[in-house]
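First, one chain by itself: the form predicted on its own, in structure tokens.
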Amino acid sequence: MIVDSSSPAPAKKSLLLSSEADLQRTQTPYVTGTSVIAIKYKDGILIAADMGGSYGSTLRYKNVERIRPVGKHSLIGASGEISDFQEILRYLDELILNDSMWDDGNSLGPKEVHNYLTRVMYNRRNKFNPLWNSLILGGVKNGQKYLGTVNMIGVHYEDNHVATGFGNHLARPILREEWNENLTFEEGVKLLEKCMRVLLYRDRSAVNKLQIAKITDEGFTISQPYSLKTQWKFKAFENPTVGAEGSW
């Protein structure tokens, strides 16, 4: 074979166009966590989440921690794709490290961290490579309580109580009826447990193993996993398709 040395060599395929680059994107969530619920109470913030990780419709993992501390003043809770949540935690570790390197006696509060997360989620959405999570960020700094949420396309807001996933539909109505700003820690925990029990009954991805975290000016505490007492003998549970036309 005669090779024409004057002809240009074929260009190598760009990595950006290769299949390797495509595999780095989360095309669809695989292992996901369900609802997270958070409220303000008298002294700080309470966040509740179960520990289930669903592989599609299979409740594959039952020991997934979805509430984590962020710096000195904040807690984050996440529903959605677990691997994307791990990526977000890496972003936050870098953010907190860079902030601490200034060594100026100041530290990022929950409002600043929440604003950062809204920019990250919206930026990734604009790149058509979203992080498949809904996040709750709560904390206390200098006596000021802060609670906000942001979803996978950057929609965000702050409120006295927030929820993700099915919690938006099943838990928030309970919170609107029963929440008040003077809740004690015990009353707040009881209210969150009521919401989590409703979700356990109605959400197939929920698991009866949860954690509740609190954060105040004095610091944060994340509880050991525990289970709720449940009652499955309600008539509606014994024969749920009675009166439903066309049901099996």
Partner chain sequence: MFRNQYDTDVTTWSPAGRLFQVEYAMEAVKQGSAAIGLRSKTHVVLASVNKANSELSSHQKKIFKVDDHIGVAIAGLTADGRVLSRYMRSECINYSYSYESKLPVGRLVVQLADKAQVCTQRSWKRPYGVGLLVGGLDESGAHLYYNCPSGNYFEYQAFAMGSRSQAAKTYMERKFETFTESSRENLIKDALFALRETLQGEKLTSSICTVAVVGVDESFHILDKETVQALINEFEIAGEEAPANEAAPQDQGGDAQAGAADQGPTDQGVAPMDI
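Bear in mind the structure is a predicted one, so any value in this text is a computation, not a measurement. Numbering follows the first chain given and starts at 1.
Beyond what is shown, the protein has a form predicted together with the partner chain; the following relates to that form.
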### Message
Does the partner chain, in the model of the complex, lie within 4.5 angstroms of each residue among 27, 61 and 87, using heavy atoms as the measure?
### Response
no
#### Entry: Stretch in contact in the model of the complex with the partner chain, which is absent here, among 130 to 138, 77 to 85, 174 to 182, 92 to 100 (heavy atoms within 4.5 Å)
92 to 100
### Contacting member of 119, 125, 169, 72, with respect to the partner chain in the model of the complex [4.5 Å, heavy atom]
119
### Query
Are any of the heavy atoms in residue 115 no more than 4.5 Å from a heavy atom of the partner chain in the model of the complex?
yes
### Task
Answer for residue 108 alone: is it within 4.5 Å of the partner chain in the model of the complex, judged on heavy atom distances?
yes
